[in-house]
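Coming up is one lone chain in structure tokens, specifically the form predicted alone.
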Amino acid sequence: MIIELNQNYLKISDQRDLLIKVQSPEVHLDYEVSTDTRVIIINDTTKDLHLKESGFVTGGAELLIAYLDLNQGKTFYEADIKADKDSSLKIISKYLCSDQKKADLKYTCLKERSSIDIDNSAIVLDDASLELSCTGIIDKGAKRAKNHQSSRCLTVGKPKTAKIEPILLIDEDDVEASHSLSSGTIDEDVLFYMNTKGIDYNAAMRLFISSYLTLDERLLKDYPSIQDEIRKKVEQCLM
């Protein structure tokens, strides 16, 4: 199901497979999930946006949230989502920063055998800024819980700020937890190689960034037209 979200609040509480295209400048998504649920959120507006997520995953369910931010305005994204006993949360977020973006994300393992996996990717363009704080939490009593996160950041030109802060807060011994962070610039050798194959610098840059930001086709298998739409939006942002 595709939702053009013009309202400020949406509660997601039953079994759903949703693709949400954000239209409102202020959005609160509230999850109360007890069956496997997949939510894809695409933010490609040109206006400033405040996006808030909150909620729980219970009953041994898995909640997958894939977030793609192509917004050309300012974005403030905050999340506070918790996984209960035997439940899992998978987060995939991708950001194309052409203005100011700030994210404050918290994902908590509440009880035993809960699992959280976070994958953040960002490209920060010339004169843009990104400040992303991502906190993985394991509460006391959440034995055999898993909380892992990885983040990657590429810069293009001279961004104002490109800051990603991975945090782990662990209050239990019998757990698995990790975080990783990599940052850098686009490999000029790759761009040169593409140039030798007849692809000019600007086209190679657009192709490289588009491939970095594109969501896995398995996530969009039910929405075949969306992938092409995403590629066109990425190219528009880079023109």
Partner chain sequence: MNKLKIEDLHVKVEDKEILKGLDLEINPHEIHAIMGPNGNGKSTLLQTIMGHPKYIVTKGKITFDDQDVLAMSVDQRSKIGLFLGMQYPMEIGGVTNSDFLRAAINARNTENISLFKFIKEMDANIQKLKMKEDLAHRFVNDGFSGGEKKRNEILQMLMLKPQIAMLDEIDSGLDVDAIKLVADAILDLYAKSDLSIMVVSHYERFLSLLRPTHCHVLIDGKIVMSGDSELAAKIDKDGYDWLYEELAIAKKSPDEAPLVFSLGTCAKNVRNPK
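By rigid core we mean the largest C-alpha set that fits within 1.5 Å across both forms. Positions refer to the first chain, counted from 1. Here the structure is a predicted model, which is why all the values come from computation and not from measurement.
What comes next is about the form predicted together with the partner chain, which is not displayed.
**Q** Have a look at Ser183, Asn195, Ser34, Ser54 for me and say which one sits with a heavy atom within 4.5 Å of the partner chain in the predicted complex.
**A** Contact residue from the list: Asn195.
**Q** Pick from Arg152, His148, Arg144, Lys90: which residue has any heavy atom within 4.5 angstroms of the partner chain in the predicted complex?
**A** Of Arg152, His148, Arg144, Lys90, the residue with a heavy atom within 4.5 Å of the partner chain in the predicted complex is Arg152.
**Q** Of the listed stretches (54-62, 40-48, 24-32, 205-213), which one has a non-hydrogen atom within 4.5 Å of the partner chain in the predicted complex?
**A** Result for this chain: 205-213.
**Q** Please determine whether Ala177 contacts the partner chain in the predicted complex, using a 4.5 Å cut-off between heavy atoms.
**A** No, Ala177 stays farther than 4.5 Å from the partner chain in the predicted complex.
**Q** If you check in the predicted complex, is Ile170 within 4.5 Å of the partner chain, heavy atoms only?
**A** The answer is no: Ile170 has no heavy atom within 4.5 Å of the partner chain.
**Q** Quick one: name the residues from 110-133 with any non-hydrogen atom within 4.5 angstroms of the partner chain in the predicted complex.
**A** Nothing in the stretch sits within 4.5 Å of the partner.
**Q** Is Asn195 displaced by at least 2 Å at its C-alpha between this form and the one not shown when the rigid core is overlaid?
**A** Comparing forms between this form and the one not shown, the Asn195 CA shifts at least 2 Å.
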